[in-house]
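Just the one chain here, the form predicted on its own, laid out as C-alpha cells.
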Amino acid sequence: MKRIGIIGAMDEEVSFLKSIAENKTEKDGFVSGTINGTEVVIVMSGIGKVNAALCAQRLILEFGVTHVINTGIAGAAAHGLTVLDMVASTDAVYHDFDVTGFGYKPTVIPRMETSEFKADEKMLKAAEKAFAELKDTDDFKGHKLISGRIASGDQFISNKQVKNHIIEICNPACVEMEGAAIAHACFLNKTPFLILRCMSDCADDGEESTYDFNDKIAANMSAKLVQKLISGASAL
C-alpha cells in the first residue's frame, strides 16, 4: 500500500493539505491521514537542509512512507520562468556544496556515488499529468509547469550576481533551501521522491523584474498540485 510523505518547510506550504486530510492523527507534528483515499503523512520541517533531511528520514524509517513529495515555494532561475509558474524536479543538487579546493567541480559531494539526486520518473509524469488537468482552472490559468533541476542551499537567493553564479555552476530551473537534502535522504534510503515548487519570486534584486515575494499564493498553488497528483496515486 502506498503511503506518501509530504514535506513543506513552512506552515503556509502544508496547511492546506493538512486541512483536507481525513482520519487525522498527529505525532510530534507529523500528521497522518488520507487524501483522496491515499495514506499520507504531512510535516512542516522548518527551513533549511538539515531540518528537511531529518524529516525525510523520520518519514521513511518511523512512519513507513513509500514515496516522498516536497512541496513549496522557490525562486525562478530558468529563462522564461516567472512568478507563479511551477517546477517539477528531474533531479536536485546542492548549489552551496563546494570542495573545489580539492579539485572537485562545484556541487560535487566527494566519495558519493552521485551528487545529482534523480527524481522518480513515475512521480514526475504524474505531476505533469496533474498540472495538465489543472492548467485551465482559475488558480493555474496563465501559468506553466516545467521539468528541471532544483538547486538547494542554506541561502535565500535575492541577488542577481549570486543567482547568475548558481546558474553557471549547475543550471537549475529554480533555487530553494530544502529539496536537495530531501532528495539526498531519499536516495540513501532508496525511496522515490519528487520536488514540486511554485515560483514565489525570481531570485534576483529587481534587475530582471520588479521584486515581488508571493509566498502564500505560491505555496497554496504547489499544495493544490500535490492534492491533484495524489488523486492519481495508483499510477505511482
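This one's a predicted model, so the numbers in the text were calculated from it and none came from an experiment. Residue positions are given as counts along the sequence shown, with the first one as 1.
Below: the form predicted in complex with a small molecule, not depicted.
- Of the candidate stretches 113-121, 154-162, 83-91, 137-145, only 154-162 has residues with heavy atoms within 4.5 Å of the small molecule in the predicted complex.
- The candidate site formed by Met10, Ile47 and Ala74 is fully in contact with the small molecule in the predicted complex, as each residue has a non-hydrogen atom within 4.5 angstroms of it.
- In summary, among the residues Val68, Val43, Met177, Ala173, the only one with a non-hydrogen atom within 4.5 Å of the small molecule in the predicted complex is Met177.
- Proximity of Ala203 to the small molecule in the predicted complex: non-hydrogen atoms within 4.5 Å are present.
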